[in-house]
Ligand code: NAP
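For reference, the chain that follows is the form predicted on its own, supplied as structure tokens.
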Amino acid sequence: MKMLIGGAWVDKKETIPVHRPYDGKVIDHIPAGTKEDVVKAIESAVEGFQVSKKMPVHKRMEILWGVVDYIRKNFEDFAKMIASEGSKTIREARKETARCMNTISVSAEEARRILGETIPFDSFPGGENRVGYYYRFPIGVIVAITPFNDPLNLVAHKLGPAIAAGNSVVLKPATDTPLSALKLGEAFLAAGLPPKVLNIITGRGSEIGDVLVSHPAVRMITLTGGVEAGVQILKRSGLKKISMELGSNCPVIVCEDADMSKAIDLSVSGAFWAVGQNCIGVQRMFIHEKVFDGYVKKFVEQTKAMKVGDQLDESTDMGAMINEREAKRVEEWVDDAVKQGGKILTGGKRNGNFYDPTVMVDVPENAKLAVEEVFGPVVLMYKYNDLDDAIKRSNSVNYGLHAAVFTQDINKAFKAVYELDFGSVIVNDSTDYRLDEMPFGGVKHSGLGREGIKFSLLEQTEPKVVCFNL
């Protein structure tokens, strides 16, 4: 596939292969964009903004609804693209495609609700005879950088609100999974988005990253990625708006009165969805000592029953990790945890890009596997006997995106809600739950700002005050 610059699909002599994680097969090639290509894309977006900012709201909505219709008509093609270039199974990919449609739909709906307010200027002496209001206006060129794990819907979370607000965009999708983003670009053009409003640049971050984030014409950077990438962008970006979702290390607390069957089913899914390559995936579980043994036994049984294989096979529960480098990293972290006393109850084996769904106990809580984001199919089980202790241990890491608690006691639920230091606390569900409309983001190293369409629109617009002295 080609990259999109200035409304034209652009190819390059140097290309980068896109591999299917399951078997390493090359399924396509993308252009290896250069710094010069990035500058062209940004300059194109500058011109595109002169068009998008004047576009009436009803036209923006019409384009977004057109994108939804395009995806609906090509639904299975989008799903197969996700399952081919990424780690999701075809069943998981269909859910992501449906969520993408919802994300774009809500963006269309929220476009009409970018509201302002009247201001009582006479509320302070000297403001008599003054009336006015504020309204929100688009900020300009937005650079959007997206990861490999949700190659369609996380792109939609960048593009949907940006277009709804009247901005222009330069999108840099993950090099491992760029095809879904490029296909979504096709949908926007087919829906009538004016040329130059959306530009999609492909290539290696090491080659094009600096100019992409440091160019003075860029007014905002929105990133979903890792902490290290976020820190580097902050060092290079200059004076720009920044929105970052940087991952997590999500805890789940299971109280002694929890619905155990529900907790196990939802937490197994939450731990191994998308091969655990999920910023809100279940990583650490704190289980009350009274139910610990039975809970862990059944959790392991369900984990062992998962079918690992070809993502395009309808019966597959979990596919391969995105590449062998990532699978080896997880293997190293697990091996290190074992050396420190951790025990593997199931899994713990790698075969190429595949890493078996893994459940561990007795992993020291200062081990790398316990304090960093594993971003792989590994879940750690810990015993506790006091809810205060479980909350304290849950809060002990430098991340704070999602946490969860399973309990039938409303007092325990609210204690966890108010004392867990996370952007979201999910009650009687796993951490792996997100409604695309909700404010999404975290505290500490989990990022800056919030996504979720309404909240992204606040990030991607600015208020302008209008005051009349009558």
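From a predicted model like this one, the values you see are computed outputs, not experimental measurements. Counting begins at 1, following the sequence as shown.
If you look for the form predicted together with this ligand, you will not find it shown, but the lines that follow are about it.
Considering non-hydrogen atoms and a 4.5 Å limit, does this ligand approach residue 284 in the predicted bound form? No, no contact at 4.5 Å.
Look up in the predicted bound form whether residue 245 has a non-hydrogen atom within 4.5 angstroms of this ligand, and give yes or no. Contact with this ligand, yes.
Applying a 4.5 Å heavy atom distance criterion, does residue 279 contact this ligand in the predicted bound form? Output for residue 279 is yes: heavy atoms within 4.5 Å of this ligand.
In the predicted bound form, does residue 175 have a heavy atom within 4.5 Å of this ligand? Heavy-atom contact with this ligand at 4.5 Å: present for residue 175.
Counting non-hydrogen atoms within 4.5 angstroms of this ligand in the predicted bound form, say which of 204, 304, 298, 262 makes the cut. Comparing distances to this ligand in the predicted bound form, the residue within 4.5 Å is 204.
Option touching this ligand, based on a heavy atom within 4.5 Å in the predicted bound form, out of 209, 140, 347, 194: In short, 209.
Kindly indicate whether 103, 179 and 184 are, all three, within 4.5 angstroms of this ligand in the predicted bound form, using heavy atoms. None of them does, since no heavy atom lies within 4.5 Å of the partner.
Looking at 334-342, 376-384, 165-173, 310-318, which lies within 4.5 angstroms of this ligand in the predicted bound form, counting heavy atoms? Of the options, only 165-173 has residues within 4.5 Å of the partner.
Can you tell me which bits of 222-256 touch this ligand in the predicted bound form, meaning any heavy atom within 4.5 Å? Residues within 4.5 Å: 223, 224, 225, 226, 229, 232, 233, 245, 246, 247, 248.
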